[in-house]
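Next up is one chain by itself, shown in C-alpha cells, the form predicted on its own.
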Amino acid sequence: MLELKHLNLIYENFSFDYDAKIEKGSLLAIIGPSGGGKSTLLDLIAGFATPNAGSIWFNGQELTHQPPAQRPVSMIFQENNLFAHLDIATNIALGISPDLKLSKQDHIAISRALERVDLAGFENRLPQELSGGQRQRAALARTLVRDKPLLLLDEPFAALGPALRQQMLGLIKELHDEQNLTTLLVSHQPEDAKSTATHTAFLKDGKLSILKPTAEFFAIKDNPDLKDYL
C-alpha cells in the first residue's frame, strides 16, 4: 500500500496537502485542472521535492527522507528523459547501473526489455532517430529493467495522437498487471482513466478530493468541481 499521511508542501504561498491510501496493485489515474498539484504529488513520492510536513509510506517502509535513487520508484515523464548523446541500449542500461558496469545477465535483460516494447534492433540508434512513440517505448524499457514496484507516469503520452496514446496505455496496463505494480498515472484525458485505471482520483487546488474505483468515480454526479472539469 502507498500511504500519504498529512503530506504538505508549501511553494510560493500555495499549500499542497495530500492524504490518501492507495492499495497495492492499483493503477490510479489522477486527473484535474492544470496547476492543481498532480505533478507535484509525483515529485514528492519520487523524492524530487521535499515536503514541509507529513510522511510517505510504501508497503510499510517510510520513503519521506530517502534519496530518489534509493526509493522503489520508476518515473516516466512527458519528455521521456533519454540522453540524446547515448544510444537506446545505453539509455536503458542506465536504469540498471548509473556507472554502466553491466553483467551478462544485465545485457540479456536489456535485450528482453527491448523485445517487450517492440524495439528489438533499435539498440544502436540515438533518441533523435526514433519517433515520439518509440522514445516513450524506450523509456518504458528502462522501467522494465529497473524492476521497481512503484511506477509513476507524468503525462507521458500527452504529445501522442489518440490511437498511439491508447496503444501505449495498453502496454502500460499489460506491464502493470504482469509485474504486479502500483501505478500512478497523471493525465488530462478522462478517457485514459476510463480505459486503463482501476481507480481514479480528482486533484484540484493542491488537494485530492476524490479517490474511488474508476466506475464509481465516473458515476459521481453531485460534485460541482468534478462536473465542471469533465
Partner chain sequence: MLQRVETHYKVTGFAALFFMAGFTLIAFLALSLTDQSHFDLSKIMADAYLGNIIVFTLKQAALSTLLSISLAVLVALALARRTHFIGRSFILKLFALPLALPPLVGVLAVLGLWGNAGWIKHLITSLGFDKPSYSVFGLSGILITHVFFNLPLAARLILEQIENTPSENWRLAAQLGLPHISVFKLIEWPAIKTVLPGITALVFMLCLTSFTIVLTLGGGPASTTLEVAIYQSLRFDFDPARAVTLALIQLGLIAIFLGLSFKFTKALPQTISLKKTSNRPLTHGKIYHAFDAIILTIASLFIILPLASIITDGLTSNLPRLLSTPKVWSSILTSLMLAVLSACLAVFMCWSMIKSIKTSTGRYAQVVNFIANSILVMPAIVLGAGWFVLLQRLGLVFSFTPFLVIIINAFMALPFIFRILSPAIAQANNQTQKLVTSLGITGWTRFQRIDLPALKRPLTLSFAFAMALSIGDLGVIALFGSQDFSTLPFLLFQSLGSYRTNDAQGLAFILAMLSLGILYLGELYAHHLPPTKKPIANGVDNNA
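Quick caveat, the model's predicted, so the values are computed rather than measured. Residue numbers count along the first chain shown, from 1.
Keep in mind that the form predicted in complex with the partner chain is not shown, yet the notes after this line are about it.
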property: is_contact(H188, the partner chain) in the predicted complex, heavy atom dist at most 4.5 Å; result: yes
property: A46 within 4.5 Å of the partner chain in the predicted complex, heavy atoms; result: yes
property: The partner chain contact at G95 in the predicted complex, heavy atom, 4.5 Å; result: yes
property: Contact of E79 with the partner chain in the predicted complex (heavy atom, 4.5 Å); result: yes
property: Proximity to the partner chain in the predicted complex, single hit among A109, L119, A89, M75 (heavy atom within 4.5 Å); result: M75
property: Residues in 108 to 145 close to the partner chain in the predicted complex, defined by a heavy atom within 4.5 Å, in order; result: R142
